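Next up is one chain by itself, shown in C-alpha cells, the form predicted on its own.
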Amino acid sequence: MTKRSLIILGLLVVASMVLAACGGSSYECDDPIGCVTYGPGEPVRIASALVISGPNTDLGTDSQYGAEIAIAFRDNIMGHPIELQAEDDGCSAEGGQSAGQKITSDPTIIAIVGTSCSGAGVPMSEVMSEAGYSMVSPSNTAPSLTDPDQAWNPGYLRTAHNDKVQGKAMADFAYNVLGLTTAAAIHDGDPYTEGLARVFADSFEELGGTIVEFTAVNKGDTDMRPVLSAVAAAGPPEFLYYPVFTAEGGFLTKQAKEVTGLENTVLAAADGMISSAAIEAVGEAGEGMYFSGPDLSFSGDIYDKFLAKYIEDYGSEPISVFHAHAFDATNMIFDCIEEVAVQDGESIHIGRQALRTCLYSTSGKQGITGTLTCNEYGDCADPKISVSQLTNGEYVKVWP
C-alpha cells in the first residue's frame, strides 16, 4: 500500500469515527409514507391546533392545558425532550386549513393534537392526511369526521365522543326525563352543530316526539329573532336545542326570552357552550337552561394529580370540558411513538405509517376519560354523556 493510500485510509477511519460520535447512522427508512428522525438531544416535536383566540378561546385553551400537562408528566420520550408547537384553529374551516398547512410545512413535527372545532377539523384532517401526519382530536364530535363516506381521512382519530351518542342522550333526557313531546333544533351550518342537531332531532322523533322546526342561523349573526319567531310560529316547541358556539348561543338565549310563544320553552345547548365565556354570554337569560356534554365525573389517582397540576400551573379549576380528552389524546400519541420508534444510538426514527397503525390499534388503554379503544376510522372514546343545568352561574350536573 502506498503512502498516499495509507493517508486516505487514515482519513476515512477518522471521518467514520467523527460520524459515529455525531450520531451518524446507516439507518434506512422503509416506512411507506416516510420517517421522522430526531438526532442526539433533539426534541420530539408535536403540534397542537386548537381554538386559542376569539369567543371560543376557553374551549381550546382548556385542551391546550391538557396537552401541556401530558408533556410535563411524560418529561421525555426515549431520552429526548418534548416540544410543542401551538397553532390556532380559529374554530373555522379557514383556520383549520391555515393551521394544517403551517404544521405540515415542518417535517420535524410527528403528530398533531387537534382540532378543537369540527368545522376546522374537516379541512385540516385532509391537509394532514395528504402530508402523512397523524392527528388526534380532543373535542371534534361531528359524526362526519369518522365516517368514511363523508369526511374521514387516514391518520385522523379522536378521544372525544361521537355526537351520535350525545344527540341521542339529549333526546332521551328531553323526552324521557323532562317528559316533553315537542321540540325544535337550531344549528349554524358547522359540521358539529348541524350533525348534533340532526342526531338529536332524529332520535327525538324515534322516541315518539315531534320536531316542529329544524332550522339554522348564520355564524356571525347577532339578530336571531327572525329564526326564533319562525320556531315559535311552527310550534311553539316545549324544548329548543341549539348546539352552537358561544357568540351565537348567547344571542339565541337572550333573544328567545323576547319572542312571543317561547316564554315557557325549555332552552338547551351543548358542550360548545360550556365555559365561563358562555356563562357570561347568556347572562341571566341562561339561568335554568340545560347543556349536554361529556360526563366529567372523572376519578382516580391520575386525574387527582392532573387536577392539582392544572390548578397549580394555570390558577383555576378547568375552564371547559375537554382538558382530560386532550391529556388522553397526547398520551396516545406518546405511547405509540415509544412503541414504534427505532432506537439508533442516541437518535430515534419514527415511521409515519407505523405511528398511524399503532394509533388505530389502541385497545384497552386506560385514560382519564375511560378505556380507549379505537375503531378503524378513529373513534376511540369511551363515551359518557351528561346533562348539566346552569344554576346561579354554575353548571350543575343533573343527569344521569
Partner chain sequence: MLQRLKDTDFLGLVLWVFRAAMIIMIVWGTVATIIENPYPAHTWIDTIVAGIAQGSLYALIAIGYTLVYGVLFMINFAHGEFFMSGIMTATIFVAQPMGASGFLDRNPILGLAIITVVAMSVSVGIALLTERVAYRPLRKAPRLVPLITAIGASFFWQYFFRGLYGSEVKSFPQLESLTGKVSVVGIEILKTHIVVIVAAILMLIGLYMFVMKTKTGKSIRAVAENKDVAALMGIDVDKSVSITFAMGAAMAGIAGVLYAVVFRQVHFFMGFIPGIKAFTAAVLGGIGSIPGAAIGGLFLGMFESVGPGLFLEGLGVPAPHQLKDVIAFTMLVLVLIFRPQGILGERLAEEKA
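The structure presented is a predicted model; accordingly, all values stated were derived computationally and were not measured. Residue numbers count along the first chain shown, from 1.
Absent from the display: the form predicted together with its partner chain. The rest refers to it.
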Quiz item: Looking at D301, D75, D149, D223, which has any heavy atom no more than 4.5 Å from its partner chain in the model of the complex?
Solution: D223
Exercise. Consider the chain as shown here, without its partner, and state which of A93, V212, A281, I71 has a heavy atom within 4.5 Å of its partner chain in the model of the complex.
Key: A281
Self-check item: Stretch in contact in the model of the complex with its partner chain, which is absent here, among 301-309, 120-128, 156-164, 258-266 (heavy atoms within 4.5 Å)
Solution: 258-266
Self-check item: its partner chain in the model of the complex reached by all of A67, I82 and P383, non-hydrogen atom within 4.5 Å
Solution: no
Practice problem: State yes or no: in the model of the complex, is some non-hydrogen atom of P107 no more than 4.5 angstroms from a non-hydrogen atom of its partner chain? | Solution: no
Quiz item: Does at least one non-hydrogen atom of G370 fall within 4.5 angstroms of its partner chain in the model of the complex?
Solution: no
Practice problem: Determine whether any heavy atom of S297 comes within 4.5 Å of a heavy atom of its partner chain in the model of the complex, and answer yes or no. | Solution: no
Exercise. Would you check, heavy atoms only and a 4.5 Å threshold, whether T37 touches its partner chain in the model of the complex?
Key: no
Self-check item: Stretch 135-157 - residues with a heavy atom within 4.5 Å of its partner chain in the model of the complex
Solution: none
